[in-house]
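Before any questions on binding or motion, here is one chain by itself as structure tokens, the form predicted on its own.
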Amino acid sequence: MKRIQGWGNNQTDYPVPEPAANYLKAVVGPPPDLKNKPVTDLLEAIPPAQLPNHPLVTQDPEERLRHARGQSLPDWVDMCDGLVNTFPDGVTYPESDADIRDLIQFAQKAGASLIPYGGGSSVVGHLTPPGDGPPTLSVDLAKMNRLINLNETSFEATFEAGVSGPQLEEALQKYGYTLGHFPQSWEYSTLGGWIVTRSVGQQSYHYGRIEPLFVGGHLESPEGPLDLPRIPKSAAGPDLRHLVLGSEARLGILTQATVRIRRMPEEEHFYAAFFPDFETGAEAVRRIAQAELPVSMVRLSDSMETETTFQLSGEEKLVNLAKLGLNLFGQREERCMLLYGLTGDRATTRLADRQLAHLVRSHQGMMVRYYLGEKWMEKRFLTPYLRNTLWDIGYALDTLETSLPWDKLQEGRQAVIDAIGHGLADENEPVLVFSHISHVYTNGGSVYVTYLFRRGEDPHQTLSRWQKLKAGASQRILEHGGTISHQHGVGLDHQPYLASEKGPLGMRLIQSAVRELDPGEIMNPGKLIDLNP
């Protein structure tokens, strides 16, 4: 059963060992002793629904609560600390395009808004019902998860948009294929969600981001259906797929998507390497990207993320032994760990491994071909569960990400780290902050930042601390020419910063597209862009 408060299912946990808890106390301070608000209290706070009856719509209080928020830190404060005060007035589970059209017409007649719901994994506020205005209907696409067509001639597959990551891969791998799109939220995120938020998978260097994987599809809008034909390449004007990509359901509901697929790789391996400091490692990663080595993934952790990864592993004796060995080879306190993947046929992976090893060693790096890479692969979708445990202990954990050109990446990353690290100095509250580079390109890379701080005794204090850290980091990102979102979308949390990236005319273009397909403003209102600034 999926948790109402926190991430994932109730059967899975990620414990924090005692040495790791002691490490966090030493770095951030002893956590407060806090408890989540009982779910029964949240259910009692749900007001009566304001929607008329409809055969496809339930007004069950628990269903409404489960669809009230996503996974952003404000969502967690709302759901766990009892601040949640807006709820969808109904929840529906359509099973076809015809159902979607019926629900859009129902919403138009009832004066209601629609909030599409995929896996509930949004971390930037895509799912929050507005605090005022018309009633809202949560449209959960969980039942629209079928493989419609597998085209083995063209290496394409068409799915309904509500298919989750595990469902999609199971359907493809049965026939020997893969999409290869593995975001950390893979367990619960959906194909439609990946497309409308421009998602990036962990092995995007090999398989590509969702943009090139998305061939075409079908969207139901308030103004009618929009079909995107599956054409390999077209020069016939602007590519309408790119209106749907990143649209965050403001244009309508994506119901079907055709994607490019590949044969399952002959083999796949994940290994690690260490560099003496972040600057040296980052230069090596840049050269890997610009040499276009055929690796499937590179992820360079800074020294704090490397140390924190060791500390949270729970394997104290093994970690101490590993550190001793690394020290002997000159990889000391500032050491940074590189994780990399090799995916493909045997000849390609062997060649890539030799080329990468040569480049790593030429940058004072040390190769580690056992345990670390395999352990990361084993836990890569388990790591989000750590957030539950940390929250229960008394710590709030959040992430943010950007991408920067190589000539700005080092300085920009450090500016963001500094802004977060000192962001609560006025409260004398330390913050544990660390980062990694991943999703590299020939002209730049993604910087993914994780930060942890103590929850406040009062939930409003926790939220205030997050707002300070988020705002300070976002401002530094803009000052250094980075994007406000490399892979999480815009939602509510990034909306104030979108105009800085798109410019006045660009914002008007987006607004005009939304108004054209949704003149009544019933599709996920308030997200991505404000139509009435």
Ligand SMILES: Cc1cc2nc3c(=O)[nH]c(=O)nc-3n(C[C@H](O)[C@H](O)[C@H](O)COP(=O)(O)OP(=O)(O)OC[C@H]3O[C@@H](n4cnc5c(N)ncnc54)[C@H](O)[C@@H]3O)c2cc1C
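Computed from a prediction, not measured in an experiment: that's the story for all the values here. Throughout, we count residues from 1 along the sequence that is shown.
The next section is about a form of this same protein that is not shown, the form predicted together with this ligand.
Among heavy atoms of F87, none comes within 4.5 Å of this ligand in the model of the complex. Heavy atoms of E248 reach within 4.5 Å of this ligand in the model of the complex, making it an interface residue. Among heavy atoms of G456, none comes within 4.5 Å of this ligand in the model of the complex. At the 4.5 Å threshold, heavy atoms of T136 stay clear of this ligand in the model of the complex, well away from it. Contact here is defined as any heavy atom lying within 4.5 Å of this ligand in the model of the complex, and by that definition not a single one of F274, G281 and S435 is a contact residue. Put simply, of G217, P94, G423, P116 only one has a heavy atom within 4.5 Å of this ligand in the model of the complex, and it is P116. Just one of H488, R64, R476, R465 comes within 4.5 Å of this ligand in the model of the complex, counting any heavy atom, and that one is H488. Picking from 104 to 112, 355 to 363, 194 to 202, 234 to 242 the stretch near this ligand in the model of the complex, with a 4.5 Å limit on heavy atoms, gives 194 to 202. Shown without its partner, the chain has no residue in segment 224 to 245 with a non-hydrogen atom within 4.5 angstroms of this ligand in the model of the complex.
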